[in-house]
Structures are given as C-alpha cells and as structure tokens.
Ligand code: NAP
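This document opens with one chain alone, in structure tokens, the form predicted on its own.
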C-alpha cells in the first residue's frame, strides 16, 4: 500500500536531530522524498542515513535559517529536481535566562532566539513560497506549549515571544494562502526528550517534575510523538485543516 505522503517532496529544517529527525524518518516511511535542512551537516547526513536505511529517499542540505540569501539559494537548488509540497519549519533554539539578568547576555539571547525561531521561519517559508503555491502544498510550523503559556517558565521571555510569533504567523499565512490551496498549521510540543535537551533536563529536575505534575499522561514525549501529528498535517487526511495548532503536550494545558 502506498504511504500517506507518496509522491511528495518534503523539506524539514532542523532535520539533523531531535524532533526534526523524527519527522524526517516518519515522512520517509510514508513515501515522501525528504530533504534534510540543517546548519549541522553531520547531523543532517545522519538523518539521511536513517531514512535510507529504512528504505526511504533523502538528501541533506546545509542551511542556516537566519541567512536569508542562503535560504533563497537552497530553495532554488532544490527546485531543480522538483518543487517541494511539504515544508516543516522545525529549526529552533531555547535558552532560559531572566530578562533582568546581565544585559549583554539577555540581548544576545533575544537576538539569537528570535533570529532562528521566528525570523528563520519567515526566511525559509518565503524562499519556498513559489514552490508551495505551485504544488498546492502544506506548511507545518513547530510551535510549543509556550505559544500559549508562560507562567511555568518565567525566565524565557525570548523563547515565549518567538513561539507566540510562530502561532500568529501560522494563522496569518493560513488566511492569506488558502486561496492558493496551501494549508498552514502548527504543532505545539510539550516536553520532548531529545539528545539536545538531555543535559538541561538533568540540570533541572524540579522543572521536569513541574511539567510531569501538569501532564495527565505522566511522561515526557518522544520525537515520534510529534512525528505522528506532522504526518497527519502533511497528508490529505487533513485536507480541510488549516490555521490550526495540534497540541502534542500530554495534556499539559488541561491541568
């Protein structure tokens, strides 16, 4: 039986690790040709290896999402072998420092986080926009529970701002691009266990315990917990879904 994404070309930013890697693997299993975009080419190549070992098709492209010209160049290069029909804006970083702390550090955190988490989403989306309109494609943006809540994380003004922005961008694009047949949705992960945040989780057991107290499923998520919703939103199963966010947070916002 053909996969849910057979015939699609999917580009995934931050695909070299964590949630992005999980999404790439799921898309490959469902028949999409996957283009792994990541500033870390070694990680991107690792993902390509995982996808191809499972019988999928994938290639890696080194990309810094903060570099607008590089995004346009990557999109032009990829278009030579076909227009993408799925774009996942997953690349992101997080740092938790109080805005009342060292001014230089706070300013750097703000600039770095917004440039990747929000400007990067714009840069990549705008670069691929012509392809997505031509293919009547679909965009999946990775938001967060912090697209809605912030009181549980008082030391993350930049990250919270960026993820609120991702949700607003998702809704604005859905309203504008619907006439072109392009669907735009988001996923709001809760605490997801990845290699990247392993050290932070180990250093902050109280934070992990707080999240678990607010999570009815009583466990942290895995990348595959986000990959499932990402497949749904990229497939024709969600043909009448746009401007929405699927929360994959174990029920965090219900408690």
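Keep in mind that what you see is a predicted model, and the values were worked out from it rather than measured. Numbering follows the first chain given and starts at 1.
Below, we turn to the form predicted together with the ligand, even though it does not appear here.
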Just one of 219, 203, 213, 195 has a heavy atom within 4.5 angstroms of the ligand in the predicted complex, so which one?
-> 195
Contacting member of 91, 78, 118, 158, with respect to the ligand in the predicted complex [4.5 Å, heavy atom] | 91
Does residue 66 reach the ligand in the predicted complex, with heavy atoms at most 4.5 Å apart?
-> yes
Consider residue 50 of the chain shown here, and say whether it contacts the ligand in the predicted complex, taking contact as heavy atoms within 4.5 Å.
-> no
Decide whether residue 137 counts as a contact residue for the ligand in the predicted complex under a heavy atom distance cut-off of 4.5 Å.
-> no
Is residue 19 a contact residue for the ligand in the predicted complex, using a 4.5 Å heavy atom cut-off?
-> yes
With a 4.5 Å heavy atom cut-off to the ligand in the predicted complex, the contacting stretch among 78-86, 140-148, 126-134, 103-111 is 140-148
